[in-house]
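Shown here is one chain on its own, the form predicted on its own, set out as structure tokens.
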């Protein structure tokens, strides 16, 4: 049995801080003389500000300032497409002009001594608008024109579709969804002369530093971003949003720290969302189910000011074997806030359409859905003609089917029962691109026998602190509990964003290399220090095991604790540092994570009650570094996917663009009562082409494939094909 800390189910090293309330999130940091900023948002979705009257608010007790486009120096736009590590959530800075592009746009900011004073004064600011009828629904917008935002083609998909013996042609839609993490967005800005410190909740401290430097016009070295903890983000906190700039300019104006928090209602407008998607899928196939044509045409909305494209077509040319494929996507502009990545961006709604279309084909051909997928298994990435760096999806299918009992599935609609309940079974493939970026890490070995690892990446609740400690422990033998990990600070060596399931794959090589660098330095100290038992020895003959330095031909017990070696040299500690980038040969392979979802629902037609009753997920995600946190990630993704399939939908008022359900009472998410016991299995084959540990990311993939597995299970139970999410009871009663 392996005793390595890598792969073990290690509890989060930051867990105690969180459960005791000691972990400080963005707006938790105490500040002397802090002032509070409360944003005033537009109540129209299209038009201009005709007049702002701030006199009543400015005369109220405790009010320090009321900022708006008429009294604030203009900010700058980010260098998004021109510089690395520079992407804002919304490219238009707040208060740039008098134009209004969406409901909920910040149009003014009241700054006061207390939050209550600022909130009260905000109600006294009078704003008059010149309103223009907005476009807030895809059906209201003119048809897309111009070149598609995404475009892929191989073979002759149109001609092969027309000649195919079997054809399906359906349109699938997914609604706008809102991230809604427990911790809402917020910023504390503190100026010290010309330098600004921003206490943030962010998924990318380095990117945040770069964007804020550009937009507020301050040199990069004068912007310090601190984000030790992030109360989740799901992609909504990848990039800076207007409230962060407002906090910075307000603090500079009033010469005091300023805190700006985004209320729950504005979480639906001014900090991004997953956009509505309309996806037409056409499949041509032989009578035995072999794909001969796959066409995927997508339309998604973005804001008036940005051209965000939810990349739904990313998996289309990769997942299944087919000689003739086209995938294109158009963007239309509406009076909504700028969309942004949401867990599994693009691929999650894209797979709903692709996998639903595969199910529609299986139904038409009277084939088992799993059998159909195996008949069209892709042995290589046919979009690039590259081999996969690692792919064991067949085994994932097999293990999932065995665990779930798929062979017992009666294909006849409504034929399976549990007492008075009708059972429905569905399954789906899931995938997510596996990537690795650059990272820089510093590891310090201290004379007291502890270690410290640091990087300007962040932990968004996924277990990054613990991964750092595990790798340092594995490389040095120092117990995990003696490894101090420091993240979430832009003054540290630059680290990657926590997004796209690339964070761990990116930092793992850098942590390992930095730890090895520190160990090599330690060995150099040991052989060059008089009095050391290893004085004048060959450093190559030494090992560090269990925190003890020893010769390779002897046991660790014969060695010396590394701290004693440092003390002999009167050193407080020694450091190692490493910067790693993707392997230069990585472009020769196609790297993806794969998996399979198996779902059971129960349908009670007497009371029209639909419930998810059983779930099995199998993931081919390379080597798992921490089984506890990885399992949590997958199960969290499944829970979000059940919410996507059954509940979540942001609905806009056509008159003014207001999200009608901008609160947790009306925006429904999955709760414990909606979720059965979830089963998660990992098919572990290290993907050594990605990094030395063979680990791939698992943050996104658990959500992919869930919604289509649900709709197939619903059809199996009820005979109703749902192609427009979320599934509604009235659809099942039609």
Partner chain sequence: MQSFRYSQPKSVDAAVSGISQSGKFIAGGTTLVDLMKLNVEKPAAIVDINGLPLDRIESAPGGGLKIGALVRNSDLAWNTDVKQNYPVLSEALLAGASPQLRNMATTGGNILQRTRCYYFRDTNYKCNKREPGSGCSAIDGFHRIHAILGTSEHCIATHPSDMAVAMMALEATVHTRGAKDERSIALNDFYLVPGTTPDKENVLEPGELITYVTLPALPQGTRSHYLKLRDRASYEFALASAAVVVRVSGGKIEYARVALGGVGTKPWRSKEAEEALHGREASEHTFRAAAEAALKPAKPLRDNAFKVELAKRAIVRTLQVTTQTA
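Residue numbers count along the first chain shown, from 1. The structure presented is a predicted model; accordingly, all values stated were derived computationally and were not measured.
One more form of this protein should be noted, the form predicted together with its partner chain, which is absent from this view; the next part is about it.
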| item | value |
| --- | --- |
| Contact test in the model of the complex: residue 59 vs its partner chain, heavy atoms, 4.5 Å | no |
| Exercise: residue 660 in contact with its partner chain in the model of the complex, heavy atom 4.5 Å | yes |
| 4.5 Å heavy atom contact, residue 605 and its partner chain in the model of the complex | yes |
| is_contact(residue 103, its partner chain) in the model of the complex, heavy atom dist at most 4.5 Å | yes |
| 647, 404, 191, 308 - the one with a heavy atom within 4.5 Å of its partner chain in the model of the complex | 647 |
| Contact assignment for its partner chain in the model of the complex, among 290, 153, 651, 628, heavy atom within 4.5 Å | 651 |
| Options 564-572, 651-659, 293-301, 337-345; stretch whose heavy atom lies within 4.5 Å of its partner chain in the model of the complex | 651-659 |
| Stretch 710-732: residues contacting its partner chain in the model of the complex, 4.5 Å heavy atom cut-off | 728, 729, 730 |
